[in-house]
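Quick setup: one chain, the form predicted on its own, written in structure tokens, and binding and motion questions come after.
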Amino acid sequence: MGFLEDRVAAEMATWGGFKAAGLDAKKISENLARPPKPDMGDLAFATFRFAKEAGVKPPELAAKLIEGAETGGMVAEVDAAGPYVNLHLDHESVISDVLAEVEKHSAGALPQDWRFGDSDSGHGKTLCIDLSSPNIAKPLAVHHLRSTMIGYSIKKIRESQGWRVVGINHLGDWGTGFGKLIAGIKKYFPDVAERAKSDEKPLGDMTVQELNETYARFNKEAKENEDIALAGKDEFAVLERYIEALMDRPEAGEGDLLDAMAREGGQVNFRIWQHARDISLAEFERMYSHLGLSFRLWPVIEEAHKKLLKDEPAAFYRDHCIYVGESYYVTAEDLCRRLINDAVESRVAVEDEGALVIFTHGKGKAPLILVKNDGATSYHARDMAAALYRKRHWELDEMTYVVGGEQKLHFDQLFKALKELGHDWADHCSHTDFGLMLFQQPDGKWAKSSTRKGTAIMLEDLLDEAIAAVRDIIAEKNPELAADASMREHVAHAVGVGAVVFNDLKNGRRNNVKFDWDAVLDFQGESGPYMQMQYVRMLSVTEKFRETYGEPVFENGDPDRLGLDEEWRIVQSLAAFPDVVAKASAEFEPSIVARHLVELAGLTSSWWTATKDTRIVGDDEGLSLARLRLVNAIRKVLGRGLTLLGMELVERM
């Protein structure tokens, strides 16, 4: 529970009835909850579990627990109602404590200084989180948004609870599909293959879109012509053999096998693959910066980031995620071959129809494939190698994969195969699944976008459209802001991107999300723009006070002046925020934070309405300062919550 429940529980633990029952503050706090109706009290303690242990009826235990209860601190009144002990709190005392607690942990002027809701419960623990994970040679599409932002928000929420979180972008940059890409490039752009004999950047100025079109064209032909399909497999086999030769060479540039592989086209294929990867990474970087994320290629070679990783590793992992492609476990770390050898030697893996497999769910079910019947490693093998590397290198306590729900079987097989190889830490690996993002079709039905069907929506197009829409709204609603080009673009970007992100994260991750532009950009509903607007509105209230009474000293605001029911409900919502963040962290569920922020914003809106006659900043300076103190606490909690969701705050709209 939160700090408020802990303090109330500490008081209750001193009461004679609770002492006699052997109930300490920890047990009491864990069993406190908010009653369904306000008139029942502010908190309630359920006796069912303890009554069963004591061999008495719950109502009987509830009555005994309140005998001799000494109220007068945070608890003003207490009564037994059937199996519950209902608590009516002293509002003035609670409001004072909650505001002081928010201010204590949000003392700085900048959002990065606000830490209300943080804890050190995860201190000394490491989580590796697999997020985004696109395939190279393809532009980021809208379906990548869910994995990216759900994963990034989980990273930030876990970090707020004291964890070290290593965010890993597991790039799809290996496999037969890249053999098809190489074969397609050689077929449609023969000059590229010729350049690749001597040029390390043979693709010239080709874009990710052109690479994707090349792959799609070749793949379509391969489905109609078996010889073309085999050409793709052959090109990948050449690439993989060349990489194996590179790893086996005694010294750089030496070895007959390496020379032979180069003559067979291995070096050409490697250069085409490497340049396609570089082009893709540059495109990904541009899009991730759009979303406010930073990824560094692993191993880190840029001097500034390398120094940061060495000197301040906590800061590096907090500020950056890392790219580690599937190829790393084949080209740099020889984990795939070692893994396969271990699986064979331990007899966990067996040969089946020319492939090397592990029957994780029995021979009647689809197996996990380590080596395909054409001799190429599978993505199963590379995922297992990646898991082993992460455990070894980062000594992780937990690992989770933020991947769509349709991959459930894959991760069930992955974790089971790791356990069969003796890696019991696989029990601490999980699949953080999520639903689909749906778009309304011309026939009115909702469906996911599909690259295969040609209906894929590019992430850049989606974000650009959101930013443009906000820019138009600014021009219409705030000409003064629109006239400041730099600020206009900053606000349009933050609010537009934030609108798309919040629309995703306010929904439970397992739910399918309907993308409706009207709802996404609504400045009145449960939307990102509405949340941003509430935050900005609170800044304007502070400015109003400053103009009327001078610079506010928030701590001088008297909480005893906050007597409205709306104010009490807001304080309860503020007090619950640390518990909300802790729950979101435990469940890998950002929507728990998002929904709480929606509730807080709604309560604040009701308060604006309730004070329309006296106003937040009115003629009574003392009342105005007390209310401004509450506004300041709301702003900092709301701001902290939005940043945990990966949104950028603005000060004008």
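Only the largest set of C-alpha atoms that superpose within 1.5 Å between the two forms is called the rigid core. Quick caveat: nothing in here was measured; it's all calculated off a predicted structure. In this text, residue numbers run from 1 along the sequence as written.
What follows is about the form predicted together with the RNA, which we do not show.
- P529 is the sole member of P529, G184, G167, G117 with a non-hydrogen atom within 4.5 Å of the RNA in the predicted bound form.
- This chain is drawn without the RNA; in the predicted bound form, the residue among D205, E353, E551, D443 with a heavy atom within 4.5 Å of it is E353.
- Contact annotation for V495: at least one heavy atom lies within 4.5 Å of the RNA in the predicted bound form.
- Contact check for F523: a heavy atom falls within 4.5 Å of the RNA in the predicted bound form.
- Among residues of the shown chain, E406 is one whose heavy atoms approach the RNA to within 4.5 Å in the predicted bound form.
- Although the partner is absent here, S96 lies well away from the RNA in the predicted bound form, with no heavy atom inside 4.5 Å.
- The partner is not drawn, yet in the predicted bound form one stretch among 304-312, 195-203, 280-288, 501-509 has residues with heavy atoms inside 4.5 Å of the RNA: 501-509.
- In this stretch, 103-129, not one residue has a heavy atom within 4.5 Å of the RNA in the predicted bound form; the partner itself is omitted from this view.
- Fitting the two forms on the rigid core leaves the C-alpha of T47 displaced by at least 2 angstroms between this form and the one not shown.
- Once the rigid core is overlaid between this form and the one not shown, A586 does not reach a Cα shift of 2 Å, moving by less than that.
- Superposition on the rigid core between this form and the one not shown places the CA atom of K514 2 Å or more away from its counterpart.
- Panel note: the distance between the CA atoms of R217 and Q441 is smaller in the predicted bound form than in this form, the difference being 3 Å or more.
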